[in-house]
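Just one chain is shown here, as structure tokens, and it is the form predicted alone.
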């Protein structure tokens, strides 16, 4: 439901919200406005000068006067060219700066929104808002606003000069204006709706394309190229149908406006010709008047075109500022409390935590209460959909509990500044995605000021240094989009190296070894063993080896903790854990278990 108070508080036109962004550029805009007015004044003076040119040729027949008027005209056009350059440059540069700032602010705002927002919105749609909608607003600022004021000056200046030259002909010209205005309003509303539909369909097509291209191995492995092509093509066709409909409306609109405006010019020309025959005006006066009539008609047509562009820009501005107005579900605390020092007692505690993703959604967690002591490693075990990942997501406040609360050293997480809380939490996901940058940049992502020595030390601790050295450019090697040039185990070790640089107090391992081969898993396990030392660790466990390493195992099902204890205790009991173990839903890995029993993990800090 839309909040009526926020709707009432919103300005009538979303484009008006760009005005504060123009304030810092007011001097450049003022200079551009002066250049625009002066250029328009020269344009309005042109028909008057032509009047003298025509009279010099046909009435007075004076060659010297003809030459002087022609030279004067060339000088005027030279001055107008300079003025147009100043106006176009200043407006264009200002528009680029404003749109760049708008894009940056919109992107920064999107980064503050919680994961829940992105589960309901496609990234392709959001990038379309950043790209095409902001570009539309840039076109309005750099061209359409200036053109609007230019045509307004031509319209009213031309009408004023028409009135001075001959009021009777001026009235003939003015009669077309109300018809054009009413047509512009009616067609403008239709164009706005059509343009919104076109942008929405294009955003959906972009979303489909981005989704397929970012998952191209999946698409190709399932031989779904044809289906993806059809899906994208159908959305493009849908956008095309809406665009063709918009073009039809535009065509009818501009055809009608052109006929009305220049039909009026034809009437003026006919009536003026009669006045010349009656010798009430000279031929030069008729040409001058005709040029003004054409100027007025062209201004009316241009304003109608700009009106349709304004309606399109309204839709773009509405979409952009709707995103800007989206409130993050996870808010910074109004009255924050600093995280108590590590020497304070108390670990990470869940107090009667209930959670669901929406009012109509089922409960994911039900009355969860548990405490992780400082330095303790706790494994979460349970069937798929039991709520394990949700529990882990609540710790860095990707979501907040629907009921109950979570504390760290006795302080509610919702009262700790987000930057401080998330600095204290490190996450190693099941399938880490790297950025299309160098190995070193990816390791130092959480600590960009890290030195080369610190990066290398973190890589050694993560058992990543050896394979990094074998890369063509070592730490300066590009990893490709999402780390596509590296294997799963290599990406995982780089993700662990980030943790060593970040040095978080709480470590979350989200099935960090479940998709690795045997060799990679052994190396990653050794790196994780080092990363866990001295840290409170929450492990979403899949492998038995990981479960055995934990100080405590929590068996979760249906959003509740059904059992807790060590592996041996739970395996010997007749509960859910024992059934999972016997049913091999936990991978037993007998060769790993045996090896772990006779040889502890090596201490890699020495290497």
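Because the structure is predicted, anything quoted here is derived from the model rather than measured. Numbering follows the first chain given and starts at 1.
Another form exists, predicted together with a small molecule; not displayed. Remarks below refer to it.
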One stretch from 269-277, 74-82, 492-500, 357-365 that, in the predicted complex, holds residues within 4.5 Å of the small molecule by heavy atom: 357-365
Contact test in the predicted complex: residue 135 vs the small molecule, heavy atoms, 4.5 Å: no
is_contact(residue 148, the small molecule) in the predicted complex, heavy atom dist at most 4.5 Å: no
4.5 Å heavy atom contact, residue 504 and the small molecule in the predicted complex: no
Any non-hydrogen atom of residue 475 within 4.5 angstroms of the small molecule in the predicted complex: no
Of 328, 309, 383, 375, the one that lies within 4.5 Å of the small molecule in the predicted complex (heavy atoms): 383
In the predicted complex, the residue from 119, 451, 230, 369 that sits within 4.5 Å of the small molecule by heavy atoms: 119
